[in-house]
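Presented as structure tokens, the chain that follows is alone, the form predicted on its own.
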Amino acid sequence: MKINRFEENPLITPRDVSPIHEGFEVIGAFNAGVAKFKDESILLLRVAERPISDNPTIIKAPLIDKKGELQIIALDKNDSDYNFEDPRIIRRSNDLSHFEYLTSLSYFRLARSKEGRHFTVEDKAFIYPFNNYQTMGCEDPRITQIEDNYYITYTSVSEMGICESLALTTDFETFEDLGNILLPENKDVVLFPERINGNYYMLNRPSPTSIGNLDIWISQSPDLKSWGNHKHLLKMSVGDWDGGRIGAGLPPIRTSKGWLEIYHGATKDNIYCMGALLLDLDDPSKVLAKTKSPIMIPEAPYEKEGFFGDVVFGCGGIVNGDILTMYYGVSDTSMAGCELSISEILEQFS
């Protein structure tokens, strides 16, 4: 199918964002939540900043302590107690299934545009880690508009685990914290943009450690606070383009044929692509159709090269008639944009 990547891509890169921490560098401006607010296109960027080390044998890890103060942990790469193979995380050598520290701290900053292609990034944080569930940062926001409210689902990271949190804004000037909505370990949460038969719905991706796969689940709530009736929605396809893990991408889009969900899938080798699901309008726990092949794969240089290459990661979109303007993260580094035809996506199910 035809994908019109913006000529301006990548739209926002780490070079476009100045760090807010002294002695840090921005290594990522990516995986942003997306909204249309009044006459502006809004990107709520995940900005990842890393402390600069002048010594090549020293790796620094930022942490926010219980007093809310930023601390820097310095570790020697020659220390056999730690594993430094992944540039994003530091593990204990005797337990590679968990990480001890992140090498960067993520938080959220707003970027605004009148025409959706040239964005101005604000100098200050919009959401900065503010509680004990976020001592290692806030990651991967998603925005869903429900009536006049804009709900932000995002990942909170701490030594207690990775959980999903919820915030609310009505003006993109201030926000209200609505707390943690899912226990660890869960990621890739998006809300449906309206109540369905009186209930709210969310897509999410639990990360089981004993048995089970990294699959998409669906949950419902009467009030956006208490979530239950959790159901397995879609399993990853072993050995295929989405055989390593899957997760929700854009908030679902209502169409005449069903709820259209553009999701991400990764291979065992961590090549991230995007596919599509069609869910029943009245009961979104029913999968009506799934694309057999990805609708988007990493092709452009900025999608294949970066901090973590071969990644296209759908974050949100703005619908105008049949045209979906989709914003997506590339290579765990930058933000890009493209236009797709919703009717052409729906044709992929036939």
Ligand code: MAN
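We number the residues from 1 along the sequence you see. Note that the structure is predicted; figures quoted are calculated from it, not measured.
Same protein, other form: the form predicted together with alpha-D-mannopyranose, not shown, and the subject of what follows.
This chain is drawn without alpha-D-mannopyranose; in the predicted complex, the residue among L102, I127, A266, L278 with a heavy atom within 4.5 Å of it is L102. A heavy atom within 4.5 Å of alpha-D-mannopyranose in the predicted complex is found for one listed residue only; from K114, K231, R254, R88, this is R88. Contact check for R109: every heavy atom lies farther than 4.5 Å from alpha-D-mannopyranose in the predicted complex. Using a 4.5 Å cutoff between non-hydrogen atoms, E139 counts as a contact of alpha-D-mannopyranose in the predicted complex. alpha-D-mannopyranose is not shown here, but in the predicted complex it comes within 4.5 Å of a heavy atom of D332.
In the predicted complex, alpha-D-mannopyranose lies farther than 4.5 Å from every heavy atom of R50.
Considering alpha-D-mannopyranose in the predicted complex, the lone stretch of 69 to 77, 210 to 218, 171 to 179, 156 to 164 in range is 156 to 164 [heavy atom distance within 4.5 Å]. Of the residues in 28 to 49, only R46 comes within 4.5 Å of alpha-D-mannopyranose in the predicted complex through at least one heavy atom.
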